[in-house]
Every structure is written in C-alpha cells, then in structure tokens.
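This document starts with one chain, in the form predicted on its own, laid out as structure tokens.
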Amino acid sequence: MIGQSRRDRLIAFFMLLPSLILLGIFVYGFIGSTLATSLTDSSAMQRLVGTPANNVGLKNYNDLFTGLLDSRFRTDVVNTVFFTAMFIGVCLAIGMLLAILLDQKIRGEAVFRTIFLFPMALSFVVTGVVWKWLFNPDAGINVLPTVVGLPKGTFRWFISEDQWLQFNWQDLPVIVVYVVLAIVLIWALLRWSRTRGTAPALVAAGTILVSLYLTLGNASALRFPNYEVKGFNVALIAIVVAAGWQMVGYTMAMYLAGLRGISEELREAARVDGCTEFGVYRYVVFPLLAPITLSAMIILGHISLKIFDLVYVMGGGDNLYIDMPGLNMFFETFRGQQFGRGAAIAMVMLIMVAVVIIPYLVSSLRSQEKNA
C-alpha cells in the first residue's frame, strides 16, 4: 500500500508538471520580468537606439507616490479605493436583498432570476456604452423628469467635477497607519473582551489610540513631501452604478445558492426558541452566509482593482475624475512608451490585488487544515 501511494503521488506530480512549468514561465516568470523592468528607466527610445536600460532602483515608485508630475497616478489610487468600497458595498447589499426576495418562493422566480443574471452575459464594453448614453447630462436620465412636467436634472454624472471627503495626500501614510491600527485594535478588542471583559479592553484600546495619535500626529517623517488635495470624485457614482448593475446578479446568485443550502429545520428551531423573522436572519442565516460574503468580496474586489474597459468606454481615457490605475498603466506603457514607469504601475496594481487575495487564500488553507 505504501509503494502504491508513493507511485500515485509520482504519477500525479508528473501529470501536473507541464502545467506547473507553464505557470512558472508565463505567470511568475513574467511577473519577475515586469518587476525587473520597473526598476529601470526602460523606454522605446532606448530600444530604438540600442541603448541598454539603466537600473534606477525604486525611483519609478518614488515618483509615482511623490513626484510632482505623477499626480494622475495618485488620483487613480484614491479613485480605486473609493470605487472598490462603494462597488463591493452596492453589490453585496442589493445582491443579498434580491436573493432574500427570491428565496421567498415567489411566482415567476425563474423569470426574475434570469432578468437579474442577464447583465452578466454582457461585456463591460457594452455596459459602458449603454450607461454612457443613460448618463448623458443632456439626453439621458436627466431628461426623465421633463416627461411629467418637471425641470430637467442637472447632475453631471461621469463628467462631474465635484469632490467630497477631501484630504491632503501628504497625510496619506499616517491615514493608512491609523486604518491598519484600527483594524488590528478592533480584532484584538473582540478577542480580549471574551476573556477579560469589555470594560478593561475598551480602556486599554482607548489608551493605545490616544498614545498613537499623539505620537503619529507629530511624525513628519511619515508624510509625503508634496501637498495635494484628493478626495471622492462624485463622477465615480456613475461607474459604481454601471459596474454594480452588471455584477449584482452574480452576487445574488451566490447568496441565493447559500440560502437554498440552509436547512429549514435550523430556521424552524430558531423560531421555536422565540426568534422573530429578523432574528432568524440575524442569528442563523447571516452567520451561515459569512463564507459566501467573504468569497464575493474577494471576487468583486479583484474585479474593481483591475477594471479597465468600463472606465475607458465611459471616460475615453482622458476623464481623470473617473480614471483608474489600469488606464494610466496602458497610456504610460503603450502611448508614452515609458516601459519602466508602466511596469511600476503594474506592480503597484499587483500588490493591491495581492492585499485582497492573500488573506482569502490564507483563510481557505486554514479551513482546509482544520477539516483535514
């Protein structure tokens, strides 16, 4: 039996070996090549004259985050953060609501399910064209009030220049530190409160936060050198609506599958114990749907971080109020012919995606080890 098991493992290894080699070359090999290029000043002009690229270290990355001429990239990063948060929130909330409604065994469920899933059959290019027409300030949704005699709407949608929640880019490193520390403290607070009580945990967390605020408030070394006002560009609402319209059906399908997998006996047991219908969802349904929520957040976050075609179709690549890093990388690399800078933007995008994907993979591996 031992020999047979070893032989099976060898057979499985050699069966997977071609795929592993191809994966190593065409995925990780190209990632390594992109990383190496991002550390140089490679450009089309150098290649035309046959001059080798110079190693510039982290200069491209430093320019992206602090250079005076790279404000577009910094705007893209801020846009991506706001768009990702709103896009995930809209898809999860509306997808959950639609799934709960369809789970009530309503008449014509199959028809509604098909209607909600249909946008997924379209490409983001088609979605962008349709919503660009609908969001035309002079001929789209804004003219609907005139049908009932009301004045035309004035919202500028994807060409709006308004900006909310403004902050100084110079303070971004401190803001990031605060956010990370807040997440860690909340996690530690929840664990500590289970063993030592809520009051001591709150006192300890408050003391730590005050100390960190006093320390980081004067930490000028953490701040970027250039002053720039960034914030939430209202024009992103149009992109969120268009992208959410296409992906809400996918989230609904995930939640509906999860709801159908929850035993009715569990719900009945909760009702017998005195739970209202809201309590059934709060204490039984929603906790059981937590893994689906995590999976949906990872997939939607991955889509939002690398979005390109929808924004390109709606904004044409020149509308910086809805610009994203993918467009910047495309123009920098294939129009500006600055391969080193374009590769640096690509690596930053890879890191952003990794921040979303790696925790999910770690969680999945741990759950597999527990179930093994």
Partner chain sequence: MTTASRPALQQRSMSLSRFVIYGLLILFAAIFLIPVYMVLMTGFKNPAEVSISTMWQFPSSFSLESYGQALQVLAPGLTNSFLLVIPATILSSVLGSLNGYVLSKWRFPGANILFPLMLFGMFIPYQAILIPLVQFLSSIGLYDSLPGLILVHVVYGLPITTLVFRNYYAEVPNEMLEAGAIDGCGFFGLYWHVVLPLSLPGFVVVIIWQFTQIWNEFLFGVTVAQGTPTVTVALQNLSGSQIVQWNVQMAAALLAALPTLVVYILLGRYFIRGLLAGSVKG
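Residue numbers count along the first chain shown, from 1. Just so we're on the same page, rigid core means the largest C-alpha set that superposes within 1.5 Å between forms. Everything numeric here is computed off the predicted structure, so don't read it as measured data.
What comes next is about the form predicted together with its partner chain, which does not appear here.
Comment: its partner chain is not present in this chain, but in the model of the complex one of F278, W164, F118, W187 has a heavy atom within 4.5 Å of it, namely F118.
Of the residues given (A139, V229, V272, V179), A139 alone sits with a heavy atom within 4.5 Å of its partner chain in the model of the complex. Remark: V56 does not count among the residues lining its partner chain in the model of the complex, judged by a heavy atom distance of 4.5 Å or less.
Although the partner is absent from this view, A44 stays clear of its partner chain in the model of the complex, with no non-hydrogen atom inside 4.5 angstroms. Using a 4.5 angstroms limit between non-hydrogen atoms, F65 is distant from its partner chain in the model of the complex. Looking at L98, you'd find a heavy atom of it within 4.5 angstroms of its partner chain in the model of the complex. The three residues R9, L134 and F334 all sit with a heavy atom within 4.5 Å of its partner chain in the model of the complex. Segments offered: 171-179, 99-107, 264-272, 231-239. Contacting its partner chain in the model of the complex at heavy atom distances within 4.5 Å is 99-107. Scanning 16-52 for heavy atoms within 4.5 Å of its partner chain in the model of the complex gives L16, S19, L20, L22, L23, F26, V27, Y28, F30, I31, S33, T34, R47 in sequence order.
Core-superposed comparison between this form and the one not shown: the CA of L23 exceeds or equals a 2 Å shift.
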